[in-house]
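We begin with a single chain expressed as structure tokens, specifically the form predicted on its own.
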């Protein structure tokens, strides 16, 4: 199909219509993209049919209907299992974009699996919740085959205007996904732990938000400093040192216990600092903890 300017009209199939898959399909439809959808439970496709999508009778028909195939399943194993059901001739000449939660190693196995079957496959990691898909704030990371990303970029940027290629290692999108989520979930958990402590001492969680935000304000510069130390392998304690911080962390553990709050989170941090000090690094800065983490594993 062509438009008035004789430029190809993109055709996309979305396989897997959970909340995220449905959001991807809806964003494509809203942009006027010819969209075919498929899901094992067909009822999940009906709302998208009303929005203009074509429902394929099976996965093979969905793949055959479009040049660009997007899978959005639970994990890479289920993605490989599904695509193994599709005849090789249906996959030939098409680009398959895999969106699924994955470890880096699993993503690399999927790339190897695709290469043995002659499948042109690109791996993506969606970094935003469903309501953000298709908005200017949407972010999806891609790794593996940059040529496939660039060929499909105009269509994929409908889903996420921010669609950076992060490396030829097919596992790199998953590396960054898990690392970024670690920062995110650790931050949320730290806030909730601190909120439990302050509410046990008479403040509301809302009262604490401005104080918590004041810590966030200094984190960007702190991250840059920690990164520089980590990359250099040098951990100067010019502005702080682990011996001093061990004392503060011990107070966090005791304050948690006094408030009747699980002290596990501050205990973990205290024990990391204690181990570094016991190894003779009490005069080093907090960045030394990266070596404790590496050696402990």
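Worth saying up front: this structure is predicted, and the values here are computed from it rather than measured. Positions refer to the first chain, counted from 1.
What follows is about the form predicted together with a small molecule, which we do not show.
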| item | value |
| --- | --- |
| Listed residue (121, 107, 126, 159) with a non-hydrogen atom within 4.5 angstroms of the small molecule in the predicted bound form | 126 |
| In the predicted bound form, the one of 40, 251, 46, 257 near the small molecule [non-hydrogen atom within 4.5 angstroms] | 40 |
| 12, 14 and 69 each touching the small molecule in the predicted bound form (heavy atom, 4.5 Å) | no |
| Any non-hydrogen atom of residue 78 within 4.5 angstroms of the small molecule in the predicted bound form | yes |
| Non-hydrogen atom contact residue 289 with the small molecule in the predicted bound form at 4.5 angstroms | no |
| Contact of residue 101 with the small molecule in the predicted bound form (heavy atom, 4.5 Å) | yes |
| Contact flag, residue 73 vs the small molecule in the predicted bound form, heavy atom cut 4.5 Å | yes |
| One stretch from 226-234, 262-270, 32-40, 46-54 that, in the predicted bound form, holds residues within 4.5 Å of the small molecule by heavy atom | 32-40 |
